[in-house]
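One chain is shown next in structure tokens, namely the form predicted alone.
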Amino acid sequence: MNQAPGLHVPEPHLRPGDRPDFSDLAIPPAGIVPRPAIDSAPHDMRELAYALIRVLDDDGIAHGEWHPHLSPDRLIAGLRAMMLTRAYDSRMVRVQRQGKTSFYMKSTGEEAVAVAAAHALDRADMCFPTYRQQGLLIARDWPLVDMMNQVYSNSHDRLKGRQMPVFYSSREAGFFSISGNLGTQYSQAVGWAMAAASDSDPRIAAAWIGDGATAEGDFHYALTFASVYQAPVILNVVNNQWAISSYTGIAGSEQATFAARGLGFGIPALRVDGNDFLAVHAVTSWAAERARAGLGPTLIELFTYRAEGHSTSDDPSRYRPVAEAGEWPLGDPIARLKSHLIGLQAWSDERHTALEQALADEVRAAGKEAESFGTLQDSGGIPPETMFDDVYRDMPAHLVDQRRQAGL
């Protein structure tokens, strides 16, 4: 009698109490991955789905064909946006602990994923984010006070308290409404890009999804339509090693890279060091140029690490070693870009410290202004009649009657 096959249930290599160990990760030297022409066929660059595109080495020196050769001023702008994102996150977690909002999600360690992409895209391109892409708004100079108002659901919240905290939305900033139903933004981004292309609109779309959400059907529906219709869209997978408390193996990372999933759909696939600002900027620019040339979609896996908990409701020490974030071999995106700028003699420790203080002051001032409009403890009074707004352009008679009956 043949033995029945066993069922494989993926398990993380390390558990709480274990010593952090990333020795199993293959981290190639910076600069060794070739940069193909934008019109290269997906099967001719298959190896890029399994490689790891890196520009900055451990000493902050840029190497290779993917080096974007950005000016020091542009690099400093990127550094500032990442630092401002981190300062904003830090304050919002503090106010959550004070009970002024119910929920928050930090992007610590992942700032380059959003900020570098925002700097590589055109300001008018439409972004379809998932969690931890607040750096897109900050890089596009969206007011911090407006973002805080949304987190507080106060009287100046443009979304009128209808979204969870950090589920931002801004048509003006090209930031599509975040959805708690993970994966939906991929299909939305592809649909938007198809519509733009059919209208001869020069803008492109970019979407972000977490590694865990690649197991959702929406991921595969989106790739099918993007491939069939050659939609001008960049599809980013943020592989930060953890989907809430489930590690990436549950979503299939033991079998292949997340980037490799694009190959089966005939989509070019790139795998990039997500903590390398220059590398993220370079691959996003490459994919954007390809999309604008009418050459279709690109799938990008951003290999990074979620340094903090999934949210303020999560305790990562319950499922991974406490010191693991500090041992991540690809380092910290802010520290790495700082090191690169110092090497160019365009930055210094003194300027960095001064900027940290200036940004902390900026966030503090924005926080005081936002809190003057109310917090979770004191909502500031969102008018109840707003529950009838924004569904129809012209309010139908039955809603007019319901509002009258409610005395509003």
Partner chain sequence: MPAMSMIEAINSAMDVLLTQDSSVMVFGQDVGYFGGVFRATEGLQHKHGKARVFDAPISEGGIVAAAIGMGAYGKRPVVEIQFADYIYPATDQLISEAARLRYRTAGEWWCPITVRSPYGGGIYGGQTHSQSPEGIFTHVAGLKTVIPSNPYDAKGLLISAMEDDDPVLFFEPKRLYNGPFDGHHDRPVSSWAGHPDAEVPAGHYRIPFGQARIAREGSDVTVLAYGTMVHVALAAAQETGIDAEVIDLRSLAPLDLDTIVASVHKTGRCMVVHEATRTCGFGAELAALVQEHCFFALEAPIERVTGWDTPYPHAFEWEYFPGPRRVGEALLRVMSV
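Just so you know, these numbers come straight off a predicted model, no measurement behind them. Residue numbers count along the first chain shown, from 1. Heads up, when I say rigid core I mean the largest set of C-alphas that superpose within 1.5 Å between the two forms.
Just so you know, the form predicted together with its partner chain exists too; it's not on screen, but the next bit is about it.
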Counting only non-hydrogen atoms and a 4.5 angstroms cut-off, does T312 reach its partner chain in the predicted bound form? no
Would you please decide whether V400 lies within 4.5 angstroms of its partner chain in the predicted bound form, comparing each non-hydrogen atom pair? no
Would Y305 show up as a contact with its partner chain in the predicted bound form if we use heavy atoms at 4.5 Å? no
Taking heavy atoms and a 4.5 Å cut-off, does S285 contact its partner chain in the predicted bound form? no
Partner absent here, but in the predicted bound form, which of 208-216, 78-86, 106-114, 324-332 has residues with a heavy atom within 4.5 Å of its partner chain? 208-216
Name the single residue among A196, A120, M147, V93 that comes within 4.5 Å of its partner chain in the predicted bound form, judging by heavy atoms. A196
Counting only heavy atoms, which residues in 245-278 are within 4.5 Å of its partner chain in the predicted bound form? S245, S246, I250
Superpose on the rigid core, then tell me if the C-alpha of F22 is displaced by 2 angstroms or more between this form and the one not shown. no
Rigid-core frame, C-alpha of E11, shift of 2 angstroms or more between this form and the one not shown: no
